[in-house]
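Coming up, as structure tokens: structure 1 and structure 2, two forms of one and the same protein chain.
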Structure 1
């Protein structure tokens, strides 16, 4: 459920417009699509080209529903709810179409199963193939899409053999990221996701924000950095936190296997970013477990060099210096600079250290540079 759905759900209660959804009359908010109403009512309408953040597209046609008065089923993602509509989200006929469609999609790809480290939405096709028991091998024929093997960028794998031409990458790059780096070459079955002049991402308008990777439902665009950890043992766990870089405060999920950080994915319901990230937030995370991390306290020895030591020794030494300065030069001789990078608790304790300890206001943070 997206935050968007939450909002419309609340709004909907207050409204008088109603439609009949699988035999039950339900209210809806103006502008809601049939798919949004259906999902809000926990109808499991399948989709592949849908991303709630993007404009309705109507490509995969899996979300078709029966609408009374309409000769053909309609794409629920693109159809606005109207008062008095009678809608069926499932029927034998619909499920038949959906199964055929999923079988057809499976027939154009090298494989259906991809590692979940590929990206946030990478399991969508796999899940539908399971749900519709679509690994039947029907409709075999030419495969679509050609992987861009000469693009050796370290971040985004362009495995277009796995592409199903849902255009989520194209649309997310235009509508969400605003970079318009990705586009479609050719047409029909020869459609190929590409960038300007079919070149490398680094030579294009791509900023490596990773949004295409995270919305791809098949792993055709995949997180090459995270995929280094395919063989790292352990289940993938996600921890919600906030990006460590600029002041925008994007919500992210840190992906871990055991004690190893294996990747980052944007939080689709992050209040500040709604699924967006930039190259730093998306890909520049491995400093955390970098071998050069400072792992023990260091104290300067008589030789003038810094030496590893225990916390007890280091903390005593640290405190000693402040006490000595206070005793010898007065309480105003001590100064502290808090970090704009560490959490509140760091800054708070730092200023309290000065104010409660030395009764002065000799504290600042790094915002002046």
Structure 2
């Protein structure tokens, strides 16, 4: 995941302290970690347990940097920057540490390559394995984590054979959602991500927001609905838009293959949601391509049944009904409800039609809550 620099001019004035980063003196703000300073200055420090939305954890140790005066490398995600520090983000020794660590992580997983539809961060381990040529297999042996194959919920795949115990899922559920639905049991190779009483997600405090899926760097927690489209032809394309379900205005990336919508991912830089979504925004999109969705307007005939017709005939019929209601019962007899599944342009047009066309404020939306 990437951090996004939203510093203002006032923030820039706070960059009064300075440290030496890879031979160059750079400013930083009080409270910044060495990782934040490094990334802001375009240093490619690798991580696996890090999510910029979460408190530092320092578990994977991939982000270690050399700090002058320190006997051992330090975890940059958890070490606060101090004035006068001399830091090196890369060296032959550091790269050797990182390669070994990635090899050890890969050794515990059933596979490194997972489909990108698994989740937003699902390619992080694969990218690091390629970067450090870590598919050596020299540490292969005992593995930890057992997949929860009996959890038949339709949204989240619990493939714990892919788990590396980074605990990002546990932390995002607690720190961002406040649900505390996911926890950890066991130690060492017996470590397992679980929910209360080692049960099913539907019987836990899980709200199926999908946060755990989108922060998982290995596909251990994956988008089960999106993975139905692994074999759908075409390349994955992302289109930024706004979730239509309520008034919060969460930014989302709609995933498509050709003309087929295959998934939804939250926008990590969305100003209203910063990577968060509810169950509807994350998973409730089947209506878009549902086989029963109407594609032709219908008009009720003299026989009382609905019959397919053209848009011209349907619009004329609707206009006649509006005019008749206004003339017989007054303008306040007309009331409009906009659909939460319709585009924002449709909601705007609906309220404009009622307010400008009939001078009425009798307009509502099914998802206004």
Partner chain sequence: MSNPLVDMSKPDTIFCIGTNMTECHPVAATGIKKAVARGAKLIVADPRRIHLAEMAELYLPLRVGTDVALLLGMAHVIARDGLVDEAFVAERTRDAEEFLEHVEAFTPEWAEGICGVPAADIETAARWYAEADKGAIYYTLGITEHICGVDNVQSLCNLALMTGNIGREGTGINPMRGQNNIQGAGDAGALPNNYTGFQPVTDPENQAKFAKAYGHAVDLEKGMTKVTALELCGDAIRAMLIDGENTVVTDPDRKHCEHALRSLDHLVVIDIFLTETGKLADVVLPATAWAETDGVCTNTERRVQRLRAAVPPQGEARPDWWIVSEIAKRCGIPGFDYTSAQEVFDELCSLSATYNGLDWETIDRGEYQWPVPFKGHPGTPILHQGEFVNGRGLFKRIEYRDPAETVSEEYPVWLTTGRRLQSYHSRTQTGRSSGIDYLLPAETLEVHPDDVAAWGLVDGGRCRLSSPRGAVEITVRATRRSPRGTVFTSFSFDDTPVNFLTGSGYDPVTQTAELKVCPVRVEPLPERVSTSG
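The model shown is predicted, which means the values in this text are computed figures rather than measured ones. Definition used throughout: the rigid core is the maximal C-alpha set that superposes within 1.5 Å between two forms. Residue numbers count along the first chain shown, from 1.
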(request) Can you spot the form predicted on its own among structures 1 and 2? (result) 2
(request) Comparing the forms between structure 1 and structure 2, identify which of 294, 200, 154, 310 marks the hinge between the two rigid parts. (result) 294
(request) Please work out, using C-alpha superpositions, how far the smaller rigid part turns between structure 1 and structure 2, and give the answer in whole degrees. (result) 18
(request) Report, in Å with one decimal, the C-alpha displacement of residue 340 between structure 1 and structure 2 after core superposition. (result) 7.2
